[in-house]
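Next up: a single chain in structure tokens, the form predicted on its own.
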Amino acid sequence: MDGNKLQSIPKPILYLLLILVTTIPLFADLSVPNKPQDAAIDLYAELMKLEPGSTILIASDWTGSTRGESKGAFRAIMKILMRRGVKVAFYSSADPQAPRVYQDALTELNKEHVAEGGKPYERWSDWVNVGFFPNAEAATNGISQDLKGAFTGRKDFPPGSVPKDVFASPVLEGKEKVEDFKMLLVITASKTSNITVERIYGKTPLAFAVTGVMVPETQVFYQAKQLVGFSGGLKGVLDLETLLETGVNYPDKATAKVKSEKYDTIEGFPGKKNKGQGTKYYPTLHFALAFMILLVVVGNVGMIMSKRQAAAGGAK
């Protein structure tokens, strides 16, 4: 076998193989054994502690460019909040596309939620769109120092009505400052998470859902106890989906699929549509990584063979 050929596999063939390796598993019902990480368990526990009718803030700072991770995290988090009857005030400060993207995802989720027998999660009464702020640092500082002032003049659409001030909605009624919210949760692929810690830590519990490349820096905040929990990358999405299905120490510690000494029993939602992008994409990620490792091995074998063949040729 020619070592040079192993090192020069035509690119179209490599791309075709990559497409097959990452596409075929999506059509198979595959699963990967999963042990949720402590940060995801803490996030799930904090979300499940929220009382029905309570209100949280969500900074939805993701767009279609990170939908593989961010949309999965958004869907898993919102499934918990919708099933728990928690109200949400959304705002965005990373990209002007973000409000439209999360609203489209929320529309999809609401249809699934109703199909499962849940109460419709309605705009204005259950969630409100505060809109986009073009400067993340200024917006976050404003929310920290004067939430009423930061959101003044913002309007949203009650069903069948003209736009009204967001503070007239049941979601924001009586809310004067950021401390009035049970949590601020940031779903992001940008530095808005860092800005949020800098400006708001200590005023209300903070939780994040970040992309995989942001996990190391977010882990620092979590270990410093500046976050009550976080979901990181595709693994974090899979963790949340696993917890939605199994709960924690549920139905009891002896038989639970996910155990934690930190918590008593936290129920899951067995029988509901809990699986999503994490469950679907995580096996595909493993296939892609295995394919990449295989190519590295093939390339190195080819290089070694080429050197030996060149040495043998020179000896002659």
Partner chain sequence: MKYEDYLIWRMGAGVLATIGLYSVLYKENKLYRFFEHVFLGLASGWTLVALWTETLQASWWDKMIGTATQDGKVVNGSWAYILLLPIGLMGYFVFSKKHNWMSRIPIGIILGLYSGQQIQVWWNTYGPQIAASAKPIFPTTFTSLTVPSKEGLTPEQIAIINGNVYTSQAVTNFLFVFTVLSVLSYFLFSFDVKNKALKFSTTSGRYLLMIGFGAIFGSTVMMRFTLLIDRMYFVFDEFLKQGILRR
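This structure is a prediction, so every number in the text was calculated from the model and none was measured. Residue numbers count along the first chain shown, from 1.
Unshown form predicted together with its partner chain; subsequent notes refer to it.
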| item | value |
| --- | --- |
| Option touching its partner chain, based on a heavy atom within 4.5 Å in the model of the complex, out of Glu198, Glu122, Glu112, Glu179 | Glu198 |
| Contact label in the model of the complex: Thr284 to its partner chain, heavy atom within 4.5 Å | yes |
| Contact label in the model of the complex: Gly68 to its partner chain, heavy atom within 4.5 Å | yes |
| Contact label in the model of the complex: Val88 to its partner chain, heavy atom within 4.5 Å | no |
| Partner proximity in the model of the complex: Arg154 to its partner chain, non-hydrogen atom cutoff 4.5 Å | yes |
| Segment that reaches its partner chain in the model of the complex - one of 171-179, 113-121, 97-105, 239-247, heavy atoms within 4.5 Å | 97-105 |
| Triple contact flag Val162, Val220 and Met292 to its partner chain in the model of the complex, non-hydrogen atom at 4.5 angstroms | yes |
| Within 242-274, the residues that have a heavy atom no more than 4.5 Å from its partner chain in the model of the complex | Lys253, Glu261 |
